[in-house]
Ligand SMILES: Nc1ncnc2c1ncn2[C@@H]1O[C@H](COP(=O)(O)OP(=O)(O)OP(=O)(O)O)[C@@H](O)[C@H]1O
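Take a look at this single chain, the form predicted alone, given in structure tokens.
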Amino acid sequence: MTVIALAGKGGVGKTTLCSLMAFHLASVEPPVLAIDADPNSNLGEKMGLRATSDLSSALACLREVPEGVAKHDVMAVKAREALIEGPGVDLIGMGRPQGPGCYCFANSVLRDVLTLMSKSYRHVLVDNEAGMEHISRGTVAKVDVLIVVSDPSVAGLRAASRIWGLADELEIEVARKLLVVNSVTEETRPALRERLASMGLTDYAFVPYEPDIRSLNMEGKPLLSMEDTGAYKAIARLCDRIILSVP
């Protein structure tokens, strides 16, 4: 099993990248589990999968579990109910924490349930917020590759560099970190390479600008039938590169 986590500030195309990676991996090495760990949940929208529940909602139900009933077992059932199944790729959302309670216990339950669920999949993709809360808390226990996502702007790259450093500060156990820059044009590639070299970032990949993807995002439509676009092909090569690098 390969666990790939993505992080990046809002608006840089992180969730778009995650959804297209999920589609490609599902086409070559299914099954895939996509975990929406960003409180601003919209991964399902981009994947064409409509979530009706999430793990936080399921966790809230544990307050009503009678004494003596194993809460981990109840949570496992509720988590299965929150799982949305698609062709080769399934989706589950973490949601937002609901109400007071011991987060340590909640975190333990979520980690156990996700670990159990993940064993059924060849690849697991985790779409995180910039702060990587669920990784830092150990909810996602194992990460093979952390992808830090940026756009080509100076501000975006600086934010990506801070997130890159945050992973070190949080002492997150990651086998490999990789920077992915979205919406890159041929004209901007040389300057980007120079800028990344000056920042000491050497392990990176570019995804070309794709107007069709931008249009679908603007309209809130799922990113389906993108296989012939340059962006999708670049993401497919990125996935193959990652798979080959993970034992």
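Just so it is clear, the model here is predicted, and its values are computed rather than measured. One-based numbering along the sequence shown.
The same protein also exists as the form predicted in complex with the named molecule; that form is not shown, yet it is the one meant from here on.
Screening 33, 59, 47, 207 for any heavy atom within 4.5 Å of the named molecule in the model of the complex leaves a single hit, 207.
The three residues 2, 120 and 144 each lack any heavy atom within 4.5 Å of the named molecule in the model of the complex. Shown alone here, residue 42 lies within 4.5 Å of the named molecule in the model of the complex, counting heavy atoms only. In the model of the complex, the named molecule lies within 4.5 Å of some heavy atom of residue 217. Residue 12 belongs to the set of residues with a heavy atom inside 4.5 Å of the named molecule in the model of the complex.
Contact check for residue 213: a heavy atom falls within 4.5 Å of the named molecule in the model of the complex. Figure note: of the listed segments 24 to 32, 195 to 203, 179 to 187, 49 to 57, the one touching the named molecule in the model of the complex, with heavy atoms no more than 4.5 Å away, is 179 to 187.
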